[in-house]
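Below you will find one chain, with nothing else, as C-alpha cells; this is the form predicted on its own, and questions on how it binds or moves follow later.
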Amino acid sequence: MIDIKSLLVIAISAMLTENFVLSRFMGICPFLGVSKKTSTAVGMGMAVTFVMTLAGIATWLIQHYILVQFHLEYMKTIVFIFVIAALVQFVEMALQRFSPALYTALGIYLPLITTNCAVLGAVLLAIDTYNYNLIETIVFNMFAAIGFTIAIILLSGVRERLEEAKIPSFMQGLPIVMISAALISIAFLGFQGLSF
C-alpha cells in the first residue's frame, strides 16, 4: 500500500529541506555555469529532471532485477554511470533535433549531466542510503530534480537582476554569484524546520 504522507515527506525533503544544490552542494557545475539566463536555466532544469527521474527508475530496476540477482552489486557505480550517460545522449539528440537554440545555449553543460554528481548521488542515495522502493525512488529523484530546477532558476533570476545593478569591480563576476548562491542557500535553511 502506498502511503501518501510518506511520499509527500520524501518529495518536500528532496525538493526543499535537502536540496541537492543548496544543502548537499551537488550539481554545482551546471548550477553556476548555466544560470546566467533564465531561459537556459529552465532548459537545464528540464533536462536534469528528465534524466534524473528516468535514471532513478532504470537504476532501481537494474539494481533489484539484475545486479542483486546475479550478485553483481559491486558493478553498481559503473552500470549506473552508463545508464545516466545513455539517458543524457538521448536528451542531447532530442534537444539538437527539436530545440537547436537551447542545445547551443546549454553547450558543454549538457553532456556534463553525465558526470553531474547530483544525478548519480540521487540514484545511489535512493538505493543505498534510504533503501526506497520503486515508487519512493521515482518521487525522490523527480522532486530532487525539481529542487535542482528551482535552485537554478532562482539563481538565474538573481543574476539577471545583478546585470542591471551597480556592483563594485572587485565583486563583479564569480564573487557576487557565489555570494548570491550562498544567500539563496541560507534562505533554504528556513525549510529545515518543516515537520510532518
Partner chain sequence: MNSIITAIVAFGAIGLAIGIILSIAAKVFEVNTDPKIGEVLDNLPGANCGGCGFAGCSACAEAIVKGEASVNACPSIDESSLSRIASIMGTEAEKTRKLVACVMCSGSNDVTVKKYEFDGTKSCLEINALNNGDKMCNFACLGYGDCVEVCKFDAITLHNTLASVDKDKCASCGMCVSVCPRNIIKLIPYDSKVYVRCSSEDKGAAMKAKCSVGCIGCGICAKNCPEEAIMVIDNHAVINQEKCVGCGICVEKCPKKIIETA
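Residue numbers count along the first chain shown, from 1. The structure presented is a predicted model; accordingly, all values stated were derived computationally and were not measured. Superpose the two forms; the largest set of C-alphas matching within 1.5 Å is the rigid core.
Beyond what is shown, the protein has a form predicted together with its partner chain; the following relates to that form.
Residue in contact with its partner chain in the model of the complex (any heavy atom within 4.5 Å), chosen from A165, M171, I66, L134: I66.
Residue in contact with its partner chain in the model of the complex (any heavy atom within 4.5 Å), chosen from A105, C117, V79, L112: V79. In the model of the complex, at least one heavy atom of M75 sits within 4.5 Å of a heavy atom of its partner chain.
Though the partner is left out of this view, L124 does not reach within 4.5 Å of its partner chain in the model of the complex, counting heavy atoms only. Under a 4.5 angstroms non-hydrogen atom cutoff, its partner chain in the model of the complex has A94 among its neighbouring residues. When two forms of a protein are overlaid on their rigid core, residues whose CA moves 2 Å or more are considered shifted, and V91 is one of them between this form and the one not shown. Note on A101 and E163: their C-alpha atoms are more widely spaced in the model of the complex, a change of at least 3 Å from this conformation. Whereas the shown form places them at one spacing, the Cα atoms of F50 and Y103 lie at least 3 Å closer in the model of the complex.
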